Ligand SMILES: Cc1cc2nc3c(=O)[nH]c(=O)nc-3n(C[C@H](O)[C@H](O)[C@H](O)COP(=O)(O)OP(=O)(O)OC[C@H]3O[C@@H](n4cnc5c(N)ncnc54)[C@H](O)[C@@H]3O)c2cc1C
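First comes one chain, alone, set out as structure tokens in the form predicted alone.
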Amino acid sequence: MRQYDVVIVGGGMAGLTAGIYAARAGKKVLVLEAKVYGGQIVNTLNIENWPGDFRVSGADLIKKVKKQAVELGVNFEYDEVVNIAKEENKFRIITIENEYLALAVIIATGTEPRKLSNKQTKDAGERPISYCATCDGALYKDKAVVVVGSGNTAKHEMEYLEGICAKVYHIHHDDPIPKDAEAVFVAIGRVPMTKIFESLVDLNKDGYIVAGEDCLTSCVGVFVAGDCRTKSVRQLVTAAADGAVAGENAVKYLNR
């Protein structure tokens, strides 16, 4: 069973930044990612609020950050974490494929799209359901689609699809889906990917890991970074900031 100083769960901007900071301090670091490095940001074509790199694509930005982490010695594995247990002063990380030991853990799992209600899922029938207009919008060029949601994300999805599709309907949660819509694009918010950690750290009523700006959780030796933390602003730049803080505090914990 391989042991690391720091195991980071999640390979988005928060997790990658945490890895960079821990590795620069000479720690042996592993980043575990179940799906794709970069998380939701890889689907963003133009990022306009990343300081110093105007209108960079999410995929290009993450590629550079991951390259930096690799060159600093961060280890990477594609694997899904199913449980973490504290054993005295170490943590046993159980994944689908392996088990790892760590002296410190950083949780950076982010969030995932909130799913349609059962009513709307049934209403959609056999029609495709997508959670990313930039990924799937081109498949419905000159066709009718519907966007479900009421916030800024729904607005942005609509603006993108209106440049491609013949007709774009906009409905709210639980409204009936128009019969002539050929695909359903969902933008009704996001939920934290933290269920497997509920016996390890404190979560709030919405499932976010309770931690302040120091990124310390209720479990000594476990830190949290990024969108899955209780916070008021969830942006790419704050994910990176969390990663830096969590990485630094994990290093201080290990050095003590």
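Only a predicted model underlies this, so the values are computations on that prediction, with no experimental measurement involved. Don't overthink the numbering: it's just position in the shown sequence, from 1.
What comes next is about the form predicted together with the ligand, which is not displayed.
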query	finding
The ligand in the predicted complex: contacting segment from 223 to 231, 64 to 72, 210 to 218, 22 to 30, heavy atom within 4.5 Å	223 to 231
Full three-residue contact with the ligand in the predicted complex, heavy atom 4.5 Å, for 116, 154 and 178	no
4.5 Å heavy atom contact, residue 59 to the ligand in the predicted complex	no
4.5 Å heavy atom contact, residue 204 and the ligand in the predicted complex	no
4.5 Å heavy atom contact, residue 236 and the ligand in the predicted complex	yes
Contact flag, residue 148 vs the ligand in the predicted complex, heavy atom cut 4.5 Å	no
Those residues of 4 to 42 which, in the predicted complex, come within 4.5 Å of the ligand by heavy atom	9, 10, 11, 12, 13, 14, 15, 32, 33, 34, 35, 36, 38, 39, 40, 41
